[in-house]
Each structure stands twice: as structure tokens, then as C-alpha cells.
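Just one chain follows, in the form predicted on its own, and it is written as C-alpha cells.
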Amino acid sequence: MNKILKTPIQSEDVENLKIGDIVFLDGYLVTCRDMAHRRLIDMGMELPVELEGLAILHAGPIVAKDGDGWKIVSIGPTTSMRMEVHEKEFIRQTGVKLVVGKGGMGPETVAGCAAHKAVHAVFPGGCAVLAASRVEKIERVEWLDLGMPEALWVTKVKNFGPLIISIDTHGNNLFDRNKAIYNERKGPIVEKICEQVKFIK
């Protein structure tokens, strides 16, 4: 059975999630990437969106005008590791509970998620049009002066996912765990391959 997270997300909603779990999101999802993190953390600017209990997506969407409003054309995640230097403090200051992106994140984000009861999840790469189909509407846009990819697009989503939990509230990191498993398996396999091709000079 799929787990549905609904905003506003409470700490107890994410405390029982484990790395590898698959969840879907209903509610508010705000795109928030490099420049928004820098403005808050490095420049001390106040975010124009209240993120307490909400979810952010590391993404630079393609958006088109739709009458007096906007519509999402494509919304693929961007590499989360770029936000690693800021994410722990970002989580602390904003109270965001779900951070979604592409690829893993590092020890600072792990610490932030554990301290403030938040999780990081990955959205499958190459599924930007699928993601766009789960956006019911764009409620508003902030910091459009940063350009379309870096602006804060406040969206309402339904059944947004699948989202794979990569960092949980207990200090576990799916990508680190998988690296350890792969490295453990790699040694004997490399030895076997080298034995079979040792005739090559």
C-alpha cells in the first residue's frame, strides 16, 4: 500500500518512514533550488513563501502562460547535491518536512533531517512530463526576477510521485548504504574479471 503524505506534514508523518520507502504527495509543493537557498542562507532574505510543514522540489520547471495564470509543461528534478551546503540550515529555518530532488545528498542534510524531523526523497529521472501531469495548478510565483528555473513556483499537486525516501529522520542515507553494498560486492568481481583478462598486455 502506497503511503500518502498530505501537507501540512507533521513530524509524526515522517518519523516512521525508512530509506527505500515509496511515498506520494498531496498538497503544496514549492520549487526551490540554488538561488532561493542562497538568498535565504547567504543573503539573509526572507522567503516570500511560508514552508512550515510543506514540501520543496529541487527543480527548474518549464512553465507557460495560461490566460491570466500559468501552467506547468515539464518539471523534472535537478541534482540535489548542489543544495547540500545550505540544506541543513534551510530545513532548520523554514520547517520544511519533505525535500525532493534527483540523486542523493550528504551528511549535512542527513543531520538536518534527523534534528528537525524531515526527509529527503528522490523523484525518478527522465519523468518530467509525468511529474507535470500531477500538478493540479500553479497558485502563484515568487522571485520571478531570478528567471523561470530559479523562481519559487507554488503548486498544488495530487498523487505526486513515486518518491523514494533517500534520507530518513534516523540518520540513514540510502545512497551511502547502497555505495557500501556495491563496493563490498565489487572487489571479488573485479578480481574475477582481472583473472580472465590477464593475458591482455
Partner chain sequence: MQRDDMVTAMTDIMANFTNYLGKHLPDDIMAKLGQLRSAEEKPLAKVVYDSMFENLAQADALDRPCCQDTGVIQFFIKAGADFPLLSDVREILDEAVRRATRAAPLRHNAVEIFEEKNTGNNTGERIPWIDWEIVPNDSGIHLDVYMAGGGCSLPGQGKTLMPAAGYEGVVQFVFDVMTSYGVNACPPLLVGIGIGGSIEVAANLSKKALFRPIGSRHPDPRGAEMERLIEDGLNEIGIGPQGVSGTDSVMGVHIEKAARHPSTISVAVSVGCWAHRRGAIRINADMSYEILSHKGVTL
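Positions refer to the first chain, counted from 1. A quick note: this is a predicted structure, and the numbers were derived from the prediction, not measured.
Not pictured, yet referred to below: the form predicted together with its partner chain.
With the partner omitted from this view, the residue of Met35, Ala132, Ile138, Ile41 that lies near its partner chain in the predicted complex is Ala132 [heavy atom within 4.5 Å].
When its partner chain is considered in the predicted complex, Gly95 lies well away from it, no heavy atom lying within 4.5 Å.
Interface membership of Ile72, defined by any non-hydrogen atom within 4.5 Å of its partner chain in the predicted complex, is confirmed. Put simply, Asn16 is far from its partner chain in the predicted complex: not one heavy atom of it is within 4.5 Å. A residue is said to contact a partner when one of its heavy atoms sits within 4.5 Å of a partner heavy atom; Gly27 fails this definition for its partner chain in the predicted complex, lying far away. Residues Ile164, Phe175, Asn178, Lys179, Tyr182, Asn183, Arg185, Lys186, Ile189, Val190, Lys192, Ile193 of 164 to 193 are found to place at least one heavy atom within 4.5 Å of its partner chain in the predicted complex.
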